[in-house]
Each structure stands twice: as C-alpha cells, then as structure tokens.
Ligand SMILES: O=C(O)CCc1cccc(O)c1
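First, one chain by itself in structure tokens, the form predicted alone.
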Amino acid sequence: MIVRTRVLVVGAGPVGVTAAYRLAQMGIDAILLEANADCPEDMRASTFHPPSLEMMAELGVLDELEAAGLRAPVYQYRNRRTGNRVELDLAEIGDATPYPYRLQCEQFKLSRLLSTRLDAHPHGRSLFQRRILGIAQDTAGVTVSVESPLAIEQYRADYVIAADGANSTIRKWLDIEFEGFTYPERFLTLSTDYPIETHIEGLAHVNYVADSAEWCVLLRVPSLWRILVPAREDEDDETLLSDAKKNRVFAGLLGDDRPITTYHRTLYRVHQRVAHDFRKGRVILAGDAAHLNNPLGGFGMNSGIHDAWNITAKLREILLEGAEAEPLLDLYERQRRTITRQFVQSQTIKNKEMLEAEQRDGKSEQERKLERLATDADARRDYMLRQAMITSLREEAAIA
C-alpha cells in the first residue's frame, strides 16, 4: 500500500517539525518521518533569535517554548586574559522586533512540542523509526521507500522537504555536492549544573570568551550551563572526554581545581558547507541538509527554521493558490542559498576568528571593534540587527 500526502517532511529536528506543523496549520496534509525512536536530543543548539521567536508566536507555541527556556536580552564578549568585557543589550532594537532577546532553550524541546502538536492535528502525522531507503520522482510527484520496524513502506507526495540533517540521505540520493570545508579541530561541549555565575562577576546567559590560546562559549539553559571549547587536532577522543580534560577546562574558567560534575560530554566535527543545489525537482533541502556552519552566534538552527518558513510559504502558494511551482521553488533556492552564503557562512567564520584573534596590548582587534560599538549607537544597532538575524531576513525579502 502507498501512503499518500501532499508534503512529506523527513527529519524531526527543529527544522522538519517547524515545516510540517506550519503546513498542517495551513491546511496542507503533511507527514513527518524520523529515523530515530524520538526527536533527537541534541545539545548543540539552544539559542532562538528574535525572528525565530516571531515565527513560533505565529505558530502559537511561543508561550510553551518560553516556559521551557530563559530570556537572554544581554550577551557579552569577554577577554579571558584581561577580564575586559563588552555587553550588548537587544532592548536597543526593540523597535525592530516584539521579542528583543534571545531565548535559551534546547532545540529538542521545540521538536517534541511541535511533533506532538502535529500528531494531534487533522492535517498532520508524526511517524518515528522510519529510515529512508530510496527516493524517486517524476513530473507528478515523489515516491519514497522507507523501512519501518515491521515493514517496507512507500509514501507518495507532491513535494518532499529533506530536513534530515548534516548526513542527509536524501541529499546523497540526489547526488548534490556539499561544498565547503571542515575545520581541522573539533569542538567539545560540556554541561554542568554547577553555579559558574557565582565565580565570574556579571556573567550573562550568553557569553563569548576570547582567547587566542583557548576560547570558550558559556551558554545558560534553564537547568545547566553549556561550555563549548575547541579540541586540538592532536587530542584523541579518550583524552578529550576524560576527567582530566574536563578538570582543565573548568580550572581555566573558575581559577581552581574544585571537582565539577558534568552531565554531557560531546565531541563533534565542525563544518562550513553549502549544498550546490537547494532543490532538485520536487525535493527541497532545508536546514543542516542544505548548509552547515560553526555554532558561534547561534545561526545554524535559526537559519534552518528560516528555510522552513520560506519554503512552506511558497508551497502554500503552489498547493492552495494554484501558483506556478518552478518560479517559486527557484526563488526559494535563490533566496536561502544567497543568504546562507553571504550572511550565515561569512558571519559564523568571522565570529570564530574573533574569539581566536591574537592579542595586542591585552586586546584583540575584534575586542577593540566591539568597544568602539559602545560609543557609536548607529554601528551598535547595525551590529545587533545582524547578530539577531533580522538583517538577513530583510535582505532575503529583497531577493527577487
């Protein structure tokens, strides 16, 4: 038997669930498939920028998401060596968004919230333990073969949104090149409920700590601090995940060797890659399946949600309003691929360089730039609009 739907969404991360639930709310039948038994509990992404919060408000889930997160209107850039810090307050751009803050909330909370809502919606279904085996398309639609726990299933859809992550099976089936590079070092993420804020004066919920020897990022989520540090190429997995490494990281932060309990220790490769094509025929790539970037600035998950928002609006025009498909799908690719290359990729690379920059007289050039922002209101506003991803969406709208 072939299961029929208007849109098949593959991948129950934040991008896939946003796309599927928005389509269902539009009255478009959508089925969400996920290879795992539940929405992946990934600790990497935890920052929702203001435009994404506006989208969650439109979906009617912002109150629930906020109840599971922390508002972070202020974020800091710190110099580990000198103790200097530069503080930016998103309240200054409150005229540009109704939500002038970051929301610190683990991405899997959104995934579980929306997949549950999708299952309860008359136009939606969430199906887990469905692994993609193959995909074929013709002029009328797309057929996807899937392995479930009990059988081989087939799905037939007008369109497929592939939000199946960095190792996207669908991108590989479509033979789409994933252009870019992989950083030689890996990143290590640690989490702890230890009150780091009691040891570092004035710590915000979001902190970027610059140091050419070893930078770090400190992010607060409701119950934990998340610490991100680079891992040298010559350090093996056993060393990086060891208590000794954990103790060195926290000693560098806290200034002593007190024992710290961690709840997650995760290693991962970091990439700057963009798919050569964001769609082939009726199959559309979104999120990490289409683009990868380093996590500094919190752009990855958010840019994927913005992909989902863009393509679902275009599918509504195609499926409900009878608009011609090809020009709109081409426009999605043009808009989102351009923004990914010109903004997300370039800005995340700059954010990493800022944290690694060599010091001169105790300060990096990026720190000097940030200090200049403190006395230049126009430049500061422009900087925060870009870091909040408001500028990128304005630029996307201008691409015809």
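Since we're looking at a predicted model, the values are computed, not measured. The numbering used is simple: start at 1 and walk along the sequence shown.
Keep in mind that the form predicted in complex with the ligand is missing from the display, and what follows is about it.
Exercise for review: Spell out, yes or no, whether the shortest heavy atom distance between T189 and the ligand in the predicted bound form is within 4.5 Å.
Suggested key: Yes, T189 sits close enough to the ligand in the predicted bound form that at least one of its heavy atoms falls within 4.5 Å.
Review point. Can you check whether A308 is within 4.5 Å of the ligand in the predicted bound form, heavy atom basis?
Key: A308: no contact with the ligand in the predicted bound form.
Check your understanding: Is I135 one of the residues lying within 4.5 Å of the ligand in the predicted bound form, judged by heavy atom distances?
Key -> No, I135 stays farther than 4.5 Å from the ligand in the predicted bound form.
Check your understanding: Does any heavy atom of R226 come within 4.5 Å of a heavy atom of the ligand in the predicted bound form?
Key -> Although the ligand is absent here, R226 would touch it in the predicted bound form, with heavy atoms inside 4.5 Å.
Check your understanding: Out of Y268, F128, Y183, Y263, which one falls within 4.5 Å of the ligand in the predicted bound form, going by heavy atoms?
Key -> Contact with the ligand in the predicted bound form is made by Y268 alone.
Review point. Within 4.5 Å of the ligand in the predicted bound form, heavy atoms considered, which of Y159, Y101, Y208, F278?
Key: Comparing distances to the ligand in the predicted bound form, the residue within 4.5 Å is Y208.
**Study point:** One stretch from 290 to 298, 325 to 333, 171 to 179, 142 to 150 that, in the predicted bound form, holds residues within 4.5 Å of the ligand by heavy atom
**Key:** Answer to the contact question: 290 to 298.
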